[in-house]
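Structure 1 and structure 2, given next as structure tokens, are two forms of the same protein chain, each shown alone.
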Structure 1
Amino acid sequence: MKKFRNPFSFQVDYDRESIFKVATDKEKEEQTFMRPSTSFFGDAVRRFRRNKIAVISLFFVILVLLAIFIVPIFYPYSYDQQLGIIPGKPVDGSFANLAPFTYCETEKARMAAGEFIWPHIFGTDNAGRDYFIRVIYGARVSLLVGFFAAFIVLIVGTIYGSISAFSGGKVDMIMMRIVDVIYSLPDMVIIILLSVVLNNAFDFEGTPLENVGTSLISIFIVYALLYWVGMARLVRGQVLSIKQTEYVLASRSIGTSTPMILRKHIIPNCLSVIIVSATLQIPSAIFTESFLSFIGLGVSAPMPSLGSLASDAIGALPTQPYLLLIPAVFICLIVLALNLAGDGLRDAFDPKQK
């Protein structure tokens, strides 16, 4: 049934097709002035790439990571192989303490016979082990300690912080007082105490953890017990502040469920802060490990770490300074690169903080 329509009306007549024509694709395209929408993550990447020092640092870290996993595959020596000791033969002492790129008498004889001998790039140590592969392995152990410790801190701190922020009230207060107590402890002293205890009290022999070494496990336990407090405070503060923002309120007012708000707003906004802070945790763990190695509580021999290599080389400083300097330079560069990359990430993800 057609509605009655006053011919003098100024109202738009929707039934007349000539008024509204479907726009062609070309016309539609002409009206588009939008660039592709920039995501938060895309923005951060763009800001990060503008920071040259941070990019170089990140590149260096990736390079080191590649090196420590690829080099041991093709390198002819292993980190615990004492080159002078071959089963069934007398010990060949000439392999010990070679200077970089030199060969011992035995190797010279074999080279004269036409055999190819892989050079000892950093020489050998006093037990006749190739120092280059030990430094590579040391970097691997140090970085693994760093990454794993950061991972533990990330997990424990995030869970604790978000539980505290979501519970609120008394639970929150008690949880935060616990954090305050742990925060004011002299961490290094407690780490030393726990390492002493764990080194002597537990025996991991026969378990899969045996290869890792008691000292490393105690470092991880200590990190899980003590170092998450900074992260927990950070996460709690972040969650609390995001909970009160207008966009969460808006989202809530249009009826979004709590899990959805968590997934869409709170977690993505916390994530960058958490990841950045975890990145900055890695160099601190590497430092802690090297410090413990120095006072004799670090990784157990023959496994090397950069810290234990450096502290073992202290006695040989007058005669073979490179034994100390090489791991020292490695620690310095890795820690510096991680710090700078972490700072760059923080600036990129949080432009307001600058």
Structure 2
Amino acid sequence: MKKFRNPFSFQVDYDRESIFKVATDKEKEEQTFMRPSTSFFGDAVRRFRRNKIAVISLFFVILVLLAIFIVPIFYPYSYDQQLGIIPGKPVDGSFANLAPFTYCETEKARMAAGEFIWPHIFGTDNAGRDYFIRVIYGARVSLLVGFFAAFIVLIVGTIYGSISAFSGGKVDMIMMRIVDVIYSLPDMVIIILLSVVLNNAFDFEGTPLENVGTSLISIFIVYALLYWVGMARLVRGQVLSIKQTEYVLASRSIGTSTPMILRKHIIPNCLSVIIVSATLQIPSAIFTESFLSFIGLGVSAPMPSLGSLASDAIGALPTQPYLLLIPAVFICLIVLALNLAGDGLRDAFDPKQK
């Protein structure tokens, strides 16, 4: 029996197919305005890619990293090779102090005989060593110091700060007082003292650490002993706020162990802050190593670093200013690129940024 309907009613008649039709898939997609779901890190990467300066800086750092590891493989000169010295023959001093992209008389004669001679891109120093490959190795040493120091700070500071904050009470108070004491220690003085002690107490000759030098080893030790305190304080502040959240309290209520809570819940939620802080630690370590190498407390000769190259070039400043300018520009560009990339990561991982 057909249901009677008042013709003056304002209710919608759903039985009339001429009014309502099933929407097609294309029409449903046209009504979808929400963006695809993404994770926190995926959203951070998307925001980072919008920062063109940070992306260019990161690309420059990656390009430098590729250059310092790939160029020495095919480059014909070595960082310690003195081109004018051949065993059993007189020293050829014409290889010393060559300008960029120039050849000495010996090389010109060999080229006239049909031999191919690789150009000296940045010229040579006063010992006849190719300056380009020395700058490449200097950048390698400086960047390795920076990344190694950031790794030490990342590991020690994260573990120490998270344990201090999660333990609380007297444990937190004692651990933070230790941090305050370490903050008061003069790092430069300790580096100098450690360098003297290691130089007198240990003999690294014939070992892989011979070219590194006691001064650089002392820098690594000081970073492991002193420079992690800033990271520890930062992580402690993050953990203090995270450990009061509901999911952490729920984990503790069901009997989850403290190491498991730190590994599964707290540290992953602090990871963005940790990454940004570690990234900004790299240029600081590079600048510190360059400064120490400049005053003679860096790597041992003939292994170069950007700071030692700048220090050695001071004597040739009136005649060859580019020997000082090239490593100084490399230091500035690398530190600037790392700082800009770190600022971009900080903005990308900040949840308050839109």
Partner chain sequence: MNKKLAFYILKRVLLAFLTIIIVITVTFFAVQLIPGGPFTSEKAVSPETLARLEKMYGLDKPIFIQYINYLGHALIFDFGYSIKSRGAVTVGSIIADRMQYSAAIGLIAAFIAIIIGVALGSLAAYKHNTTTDRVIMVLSTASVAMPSFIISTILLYLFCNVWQILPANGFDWRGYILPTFTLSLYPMAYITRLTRSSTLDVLGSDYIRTAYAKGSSFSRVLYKHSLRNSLTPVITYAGPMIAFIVTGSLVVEKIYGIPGIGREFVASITNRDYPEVMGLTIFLTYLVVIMVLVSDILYKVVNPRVELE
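All residue numbers here refer to structure 1's sequence, counted from 1. In this text, the rigid core denotes the largest set of C-alpha atoms whose superposition between the two forms falls within 1.5 Å. This one's a predicted model, so the numbers in the text were calculated from it and none came from an experiment.
In this comparison the chain labelled structure 1 is the form predicted in complex with the partner chain, and the other chain is not. For Asp187, a C-alpha deviation of 2 angstroms or more is recorded between the two structures after rigid-core alignment. Taking 2 Å as the criterion, His265 counts as shifted between the two structures: its C-alpha moves by at least this amount when the rigid core is aligned.
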